[in-house]
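One chain follows as structure tokens, the form predicted alone.
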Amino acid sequence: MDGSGKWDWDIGKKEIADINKWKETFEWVEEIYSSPDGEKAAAVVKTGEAEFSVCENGTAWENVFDKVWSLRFAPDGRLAGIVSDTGEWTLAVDGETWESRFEFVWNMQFSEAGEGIIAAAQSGRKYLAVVNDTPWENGFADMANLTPSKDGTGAAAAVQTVPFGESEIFKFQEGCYSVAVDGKTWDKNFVNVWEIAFSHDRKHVAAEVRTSLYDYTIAVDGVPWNQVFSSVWKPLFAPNDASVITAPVRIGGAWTLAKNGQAIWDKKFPQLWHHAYSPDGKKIAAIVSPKFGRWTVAVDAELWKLTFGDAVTDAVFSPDGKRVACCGKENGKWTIAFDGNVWGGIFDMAWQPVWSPDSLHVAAKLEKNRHYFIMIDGLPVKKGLEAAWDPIFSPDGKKILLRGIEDGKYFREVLPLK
């Protein structure tokens, strides 16, 4: 549960913070961030000579730092940022720093519900993950694609397990990379390891791997599929069955979707990636190129008739799994599409659409001429904002929460759906 049922859903607008006053109080104010419930606004601020902190609803944290960056609210409402404290790097959460300290910290991430906070860190010329202030016991010469577990209690990453020099080509080809799960590596090494996925029950991990210079496949808990391909994209576990792993794969110069190593779609495309499961796991959607230079969405291999020339991004299923919405770009302009239909109006930028719990409505944040809009079902409900955040539907689907900045003032507003 996301906890939104406990938020204030009374109809009306509430001014939370006057950002103009912040700019008068501090030497400078960086980008504004909004809490999920809309009750808090925060930003990195300069409080003195070479001193930085975080302003939250007009009040700065008591602690000051050499540097603060990557400030964000977690899904559970906690405010976290990466900070340099007297030359050492760590995380600060709601103003309090973690106990662990490192030479550098980056790539802060949250688990789906926000209870877990992870980051990549460097210590003693080794790279490692830090999960909820607990660093991995083992460090590695190289680390990438840090991925939190669904429950936020652990993490996995692609790591270098065998040292090699620039001239040691044959040693590299034998495989010098693997996956570390909670700091412990798989038994098998690969030429390369890329994107990683946890199963929803946290018991299994899958990753894109290269088994030779020319062969790619998916490895699950260190065991590669029996089949190899000319390329693969990120794997996913079915949400209702951790024994089912799917991934886009390239066969004979074209792309399709494979399950546990075997192609399951009877169609192939010039490109297929960013696949996603419906909440119940019964359907799969993917962004595909039906022909060179055109992009669309395929659901269980069935293509939308609508296509875009520049890009399709952020495809998302409705809660009931019957509908899909996405962002589409044509001739340099963005819009929102759903079920193969497109909203009226074009914009300079669009963000991932948001479905109502009853799957009847879709809303999105868009930007045009440096002003932000919130639209529901293709109609604007807020426009001309100086800043805005993704709209959020109430759990009963009867209201929507808007968060934005208007005339220099940050507000939250709850509107009824007609």
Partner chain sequence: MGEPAVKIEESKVVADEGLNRGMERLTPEKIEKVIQSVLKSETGSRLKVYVDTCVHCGLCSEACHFYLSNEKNPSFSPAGKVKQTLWEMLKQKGKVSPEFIRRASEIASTECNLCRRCSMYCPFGIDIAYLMLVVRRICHKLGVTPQYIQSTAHSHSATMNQMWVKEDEWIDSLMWQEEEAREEFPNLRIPLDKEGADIFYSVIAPEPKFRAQLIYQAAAIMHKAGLDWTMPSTPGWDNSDMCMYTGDNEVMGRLKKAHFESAMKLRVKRIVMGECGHAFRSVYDMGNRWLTWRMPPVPVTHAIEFYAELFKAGKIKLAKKYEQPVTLHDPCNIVRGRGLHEMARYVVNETCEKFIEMEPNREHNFCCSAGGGVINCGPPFRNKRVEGNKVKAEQLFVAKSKGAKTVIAPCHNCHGGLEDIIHHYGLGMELKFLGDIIYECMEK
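Residue numbers count along the first chain shown, from 1. Predicted model only: the values in this text are computed from it and were never measured.
Another form exists, predicted together with its partner chain; not displayed. Remarks below refer to it.
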property	result
Among the candidates T211, N107, N132, Q227, the residue which, in the predicted complex, approaches its partner chain to within 4.5 Å (heavy atoms)	N107
The single option of R72, K267, K188, R101 touching its partner chain in the predicted complex, heavy atom within 4.5 Å	R72
Check all three, W61, V162 and V316, heavy atom within 4.5 Å of its partner chain in the predicted complex	no
Distance check, V223 to its partner chain in the predicted complex, heavy atom within 4.5 Å	no
In the predicted complex, E27 touching its partner chain (heavy atom, 4.5 Å)	yes
Proximity of K329 to its partner chain in the predicted complex, heavy atoms at 4.5 Å	yes
Its partner chain contact at G344 in the predicted complex, heavy atom, 4.5 Å	no
Region of this chain that lies against its partner chain in the predicted complex, out of 53-61, 363-371, 34-42, 376-384 [heavy atom, 4.5 Å]	363-371
Partner contacts for 114-132, taking its partner chain in the predicted complex and a 4.5 Å heavy atom cut-off	Q122, R125, Y127
